[in-house]
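The data below hold one chain only, encoded as structure tokens and taken in the form predicted on its own.
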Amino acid sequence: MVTQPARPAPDTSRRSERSRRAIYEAALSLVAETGYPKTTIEGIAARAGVGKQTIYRWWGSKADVLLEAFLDLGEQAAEAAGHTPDPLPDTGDLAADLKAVLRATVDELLDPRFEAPARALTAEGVVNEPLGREFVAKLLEPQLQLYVDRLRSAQRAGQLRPGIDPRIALELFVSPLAQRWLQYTGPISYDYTDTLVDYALYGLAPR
């Protein structure tokens, strides 16, 4: 009798990673196509080609799936661009550093892979308070804290007044960009974000 060579055991870690990636892609595409309310665990599982119990084994809700998928999307975009999401650059030139980061943000906001699910999640977060709070806590606040840290570094270097609140100051350039993007009140571009930084740092009154 000829002994057949033993077949290698399945690599469950690789299979799980493939499933996870498929679930991320399915969740983001569905929420972009149908909106948050119509996106379901069953729909995500069907599109990803996995059982819904696989999703429930890893996540507690569709919000958890979508938020994690969205975080992963940002990390993948950062890696593709050759940089990590944190910290903000600190070259000693605050204006140049802020402009560089906001230009990268413009690229992300205009990327169809990011824009459609971001709009869907943001819109749902306005009317769904628990989701909105989770969206802010997991996605926005960590990013805003990077701005706070950079502005505090500028304060220590004497580039900003010591009495300003960095958390309020960052809203001078982050919030207008978010409003334009969300409400289509105007185009977003490098020139626009560069101008926001100049207005925020140097003011509007004659010097």
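Keep in mind it's a predicted model, so treat the numbers as computed, not measured. One-based numbering along the sequence shown.
Same protein, other form: the form predicted together with another copy of the chain, not shown, and the subject of what follows.
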Practice item. Sort through 62-70, 44-52, 168-176, 22-30 and report the only stretch with a non-hydrogen atom within 4.5 Å of another copy of the chain in the model of the complex. Key: 168-176
Point to revise | Non-hydrogen atom contact residue 161 with another copy of the chain in the model of the complex at 4.5 angstroms | key: yes
Exercise for review: Classify residue 105 as contacting or not contacting another copy of the chain in the model of the complex by the rule of any non-hydrogen atom within 4.5 angstroms, answering yes or no.
Suggested key: no
Check your understanding: Using heavy atoms and a 4.5 Å limit, would one call residue 126 a contact residue for another copy of the chain in the model of the complex?
Key -> yes
Check your understanding: Quick one: is residue 136 in contact with another copy of the chain in the model of the complex, heavy atoms, 4.5 Å cut-off?
Key -> yes
Review point. Taking another copy of the chain in the model of the complex, which residues along 182-196 bring a heavy atom to within 4.5 Å of it?
Key: 182, 183, 184, 185, 192, 195, 196
Point to revise | Distance direction in the model of the complex for the C-alpha atoms of residue 120 and residue 63, relative to the displayed form (3 angstroms or more) | key: closer
Exercise for review: Once you account for a change of 3 Å or more, let me know if residue 37 and residue 184 sit closer or farther in the model of the complex, using their C-alpha atoms.
Suggested key: closer
